[in-house]
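Next up: just one chain, as structure tokens, the form predicted alone.
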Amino acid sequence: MLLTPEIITILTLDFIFAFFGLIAFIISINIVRKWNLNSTTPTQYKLEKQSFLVATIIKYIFIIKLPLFLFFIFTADKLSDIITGAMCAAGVVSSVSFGTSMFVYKILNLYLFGFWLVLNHYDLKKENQPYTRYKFMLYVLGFFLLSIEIYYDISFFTSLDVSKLVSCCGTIFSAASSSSISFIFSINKIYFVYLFYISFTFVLLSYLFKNSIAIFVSNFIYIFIAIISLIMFFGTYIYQLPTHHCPFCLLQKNYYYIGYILYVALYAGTFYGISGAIMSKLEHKPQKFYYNISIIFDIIYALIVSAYPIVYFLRNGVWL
């Protein structure tokens, strides 16, 4: 097992999350079972105080988890210097069989915990707190997902072997790879460009017509299309190399850490869009603030990735 300062930091925070998350989980189950705002019993009064405690715990878990996700990627990227064969975080993460699943849970938890805070915000604004039972039911689910993520983190760092030869990102993100997305590299990359701008147009139109279902669906689709098109097309212009498709190398100093800006913009845009769409249905009115934040970040992401191939063409007179 490797023990670098970065790994110790992540594991320490994981144990803190597990400890306080378990406390919040136990209290949440009690609130779901016994919550009754119309009651004036000591039990209800106690539950109301405990609900604020749980909300505070969850809020700080999310506040720390958001930068910790980026720190995890930074740590994995740094470990590539000592893992044989790894060139970036992709090789380090792929050195374990559950690397992809681990990332899926990390991203899913960011959306889930973030939405919990949105739901909590709306709940506390109303005197009758209509979403209390639902938000704690949501946290019960979130705790199980968080527990799986923590288990993966511990398993990941305890499984790392510096003497084991791993694949580099050039091998992982290619048609020769045995990964679940290797088949996409046999498809003409121009199709992914079409898909990206079609999905982005869908996002813009959904906001124009203020249709919450369309906003939810368009942003959900946009997440996947944006990432795939970045791997297949836009990323190659950032690297200025047609065979380099790695989504992790974008986070390195050589490329001015542009990946952090892109991924934060993509997360913020889709998170606010999806959350705003759900709350529009629950509140029965458009959530203009969430929609405005979402469209700003969705546009920022689209403008940045579009700028790279345009600038490359203007400089060189050819496409990659």
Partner chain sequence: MMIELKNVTKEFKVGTHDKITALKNVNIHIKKGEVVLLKGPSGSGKSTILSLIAALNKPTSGEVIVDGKRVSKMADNFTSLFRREHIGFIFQKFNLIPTLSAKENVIVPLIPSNPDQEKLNNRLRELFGQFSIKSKMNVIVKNLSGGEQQRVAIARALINNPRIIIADEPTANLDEKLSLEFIKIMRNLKNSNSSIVIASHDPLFFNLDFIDRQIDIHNGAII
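Residue numbers count along the first chain shown, from 1. Keep in mind that this is a model prediction, so the values were computed, not measured.
Unshown form predicted in complex with the partner chain; subsequent notes refer to it.
Between 145-153, 230-238, 213-221, 121-129, the stretch whose residues reach within 4.5 angstroms of the partner chain in the model of the complex through a non-hydrogen atom is 121-129. Within this chain, E48 lines the site of the partner chain in the model of the complex, having a heavy atom no more than 4.5 Å away. The partner chain in the model of the complex is approached by L37, whose closest heavy atom lies within 4.5 angstroms of it. Interface membership of F52, defined by any non-hydrogen atom within 4.5 Å of the partner chain in the model of the complex, is confirmed.
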